[in-house]
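The chain below stands alone, shown as structure tokens; this is the form predicted on its own.
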Amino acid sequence: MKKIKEKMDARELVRELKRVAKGIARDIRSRKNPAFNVPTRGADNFIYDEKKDLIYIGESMSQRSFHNTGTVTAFTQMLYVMSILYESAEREKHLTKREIYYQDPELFNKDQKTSDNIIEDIAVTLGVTRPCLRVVASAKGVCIGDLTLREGNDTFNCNSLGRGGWSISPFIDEVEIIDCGADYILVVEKDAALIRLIEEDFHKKNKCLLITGKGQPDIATRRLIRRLNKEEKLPVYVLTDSDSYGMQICSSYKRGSISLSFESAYLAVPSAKLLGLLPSDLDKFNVPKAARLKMTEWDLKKAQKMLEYPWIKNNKKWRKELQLMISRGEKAELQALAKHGITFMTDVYLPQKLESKDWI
């Protein structure tokens, strides 16, 4: 498993891109077929380290060469994006994924997913994380709690920014952690549940940081959680809906994802615990049948597919919860706990779960 470089300044990136460009030019002068050897980022090319409980990228490679009708477009797209990154790094600027796409929408088949994938391909080919390429995504995640940070000339506490909390910076590795008065991190799948937690001052009463990635988390949110876990030694608990999608999101925080498996060591928190809402909690906390939802065909297929993953298959507790969900054909949102009262989640459910260490 090749080690991925986590930090690279603008000058280093310029040198690395220049090295690649010189190699391409050398092949052209020698009348060779210029090509990129790109590690495959797909479901068939990952390694699961059971001991570390992490997903890594495998050894499979694909070649994108100029003199090949099947790969010439991808080769051209990679070379073009590298030229954009080079120009930006020379000026010590950052780019958004959207800005890269709009450099030439026609080249990317008028689909930003194409340019986004090319950016990831370049990162894994160079053996660096995406932030090393100086490419950022729009702010998505939110953090609130007793955490003092410094970004540029601004020093602030995430408790003093109103009830909306701090919008996690896309430049997260340039943010300095000054002080942390929290005992743990509670990661919430969606902001709907976060609103209830904030209104009840759960973070203040329980000395925790509340963080949400608003669904499938972005890199900056995952990176902040990883940094807080590693640098501040904060345990991480994840709170999601009781469905296959929620469990998948928790698994991404915990083990990494297949699509970004080359960055798992930089993003994942193997010690993270899935606190709830577990399928077994629905009966344990008497969630009424009327508040439960029938799993869709997509939900069932997703859950069944997850059972095939080695990190689920080899984990008795995760497997048991998924199997229970499938056998009942039921799912539920966190808000279903409000059937017992709007503060039931903060006053009863979470304190009881944390005190009894009822997590997987």
Partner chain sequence: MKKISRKKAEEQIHNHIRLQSAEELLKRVDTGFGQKARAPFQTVVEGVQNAADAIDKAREVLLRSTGNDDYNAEIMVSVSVVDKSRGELQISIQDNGIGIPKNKVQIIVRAGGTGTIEYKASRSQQGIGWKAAAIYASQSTGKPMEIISKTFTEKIAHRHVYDYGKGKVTKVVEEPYEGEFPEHGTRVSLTLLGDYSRARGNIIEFIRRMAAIHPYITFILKENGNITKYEKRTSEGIPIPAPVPPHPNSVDIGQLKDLLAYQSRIRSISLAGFLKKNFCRIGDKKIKELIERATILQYFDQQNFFAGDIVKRIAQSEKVKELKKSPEKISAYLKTLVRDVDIDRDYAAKLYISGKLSNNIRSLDNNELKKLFKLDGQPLPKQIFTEKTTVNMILNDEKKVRLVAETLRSMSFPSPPMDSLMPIPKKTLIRGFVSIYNPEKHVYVERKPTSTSGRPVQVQVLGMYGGEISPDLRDQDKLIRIANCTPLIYEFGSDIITQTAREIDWSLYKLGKKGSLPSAPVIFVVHVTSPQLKYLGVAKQAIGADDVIAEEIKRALQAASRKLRKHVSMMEKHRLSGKAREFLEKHAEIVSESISKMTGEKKERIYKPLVQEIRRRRPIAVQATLTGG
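On a predicted model such as this, the values are computed, not experimentally measured, just so you know. Residue numbers count along the first chain shown, from 1.
The form predicted together with the partner chain is left out here; the points below concern that form.
- Contact check for N33: a non-hydrogen atom falls within 4.5 Å of the partner chain in the model of the complex.
- Although the partner is absent here, E87 sits close enough that one of its heavy atoms falls within 4.5 Å of the partner chain in the model of the complex.
- Shown alone here, Y80 lies within 4.5 Å of the partner chain in the model of the complex, counting heavy atoms only.
- For the chain shown alone, I24 is a contact residue for the partner chain in the model of the complex, at least one non-hydrogen atom being within 4.5 angstroms.
- For the partner chain in the model of the complex, the listed stretch (299-307, 66-74, 318-326, 44-52) containing residues with heavy atoms inside 4.5 Å is 66-74.
- A heavy atom within 4.5 Å of the partner chain in the model of the complex is found for exactly one of L107, I177, A139, A192: L107.
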